[in-house]
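For reference, the chain that follows is the form predicted alone, supplied as structure tokens.
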């Protein structure tokens, strides 16, 4: 855990190429949620031509295009991120960031490209349409329902060393077994955009707790209001059948509204 005498350093990795759909906002959320509690924190934006800081307290990767994935992997293959994960630093990755942490993913040409091998998973292509729309899951790590939106064509298969982050209620997620994301050691990954941590403050605090320990409560009334609006949108979509084409990937139907 970070010393309370030093600022908590949150490394935002390659925001210019892994910043699709506002995922860079996840680092801002983490920083501000610490400051609200009187804990000094700073975001360090790491550009593509810069070395990854070896002693950051938490690392954040976002989404990006196929070319961005291969470029990011080439820069991250120096072992710095692997070393950070091995010392227990939390790593939070979204969409393309999730895929590159795995054993392999597909390039835009369809060729298989080696990933960083930090999560026991592989990514190929969804067999159906591209996954676009709201994604709602029940977390497996005790932080309640997770809400966001997805926009990807990848199908991610988890190996035995990785556990899913959430069980899908609506949407596609990983595209197999009715789950989304992965949790392995200090790494947490998902297909949720939004930014994910703005829409899911309990997940943000879960990551921060891995760094600083028990956190004091904060007023999340505005975030809760947004979550309720998103839950209502999912319920409306269920009634209108907007996601009917996705049912082949969904777990068995559950009764009642999603839990918060």
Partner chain sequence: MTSARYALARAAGSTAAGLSRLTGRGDGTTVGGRITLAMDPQALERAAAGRDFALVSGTNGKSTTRTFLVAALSTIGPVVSNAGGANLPTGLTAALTRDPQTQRGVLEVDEPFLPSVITAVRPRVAVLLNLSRDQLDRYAEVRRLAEIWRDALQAPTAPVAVANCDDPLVTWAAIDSPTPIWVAAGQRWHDDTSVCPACGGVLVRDGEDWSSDCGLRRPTPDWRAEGGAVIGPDGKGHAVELALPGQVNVGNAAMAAAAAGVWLVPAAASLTAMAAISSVEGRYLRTEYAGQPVRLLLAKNPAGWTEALTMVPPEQADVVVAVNARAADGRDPSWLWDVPFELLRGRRAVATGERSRDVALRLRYAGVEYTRVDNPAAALRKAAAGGPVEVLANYTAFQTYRRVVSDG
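In this text, all values refer to a predicted model and were calculated from it rather than measured experimentally. Positions refer to the first chain, counted from 1.
Although it is not shown, the form predicted in complex with the partner chain is what the next lines describe.
Participant: Taking 9, 43 and 186 as the candidate spot, are all three within 4.5 angstroms of the partner chain in the predicted bound form by heavy atoms?
Facilitator: Zero of three within 4.5 Å in the predicted bound form.
Participant: Based on heavy atom distances of at most 4.5 Å to the partner chain in the predicted bound form, which listed stretch, 174-182, 149-157, 97-105, 78-86, is the contact stretch?
Facilitator: One stretch meets the cut-off, namely 149-157.
Participant: Hey, in the predicted bound form, is residue 234 touching the partner chain, heavy atoms inside 4.5 Å?
Facilitator: No - in the predicted bound form, heavy atoms of residue 234 and the partner chain never come within 4.5 Å of each other.
Participant: For residue 71, is any heavy atom within 4.5 Å of the partner chain in the predicted bound form, or not?
Facilitator: Because a heavy atom of residue 71 falls inside 4.5 Å of the partner chain in the predicted bound form, the answer is yes.
Participant: Is residue 210 part of the interface with the partner chain in the predicted bound form - any heavy atom within 4.5 Å?
Facilitator: It does not: once the partner chain is placed as it appears in the predicted bound form, residue 210 has no heavy atom within 4.5 Å of it.
Participant: Can any non-hydrogen atom of residue 55 be found within 4.5 angstroms of the partner chain in the predicted bound form?
Facilitator: Residue 55 lies outside the contact set for the partner chain.
Participant: So which bits of 11-49 sit within 4.5 Å of the partner chain in the predicted bound form, heavy atoms only?
Facilitator: Contacting residues: 16, 17, 19, 20, 21, 22, 25, 28, 29, 32, 33, 36, 48.
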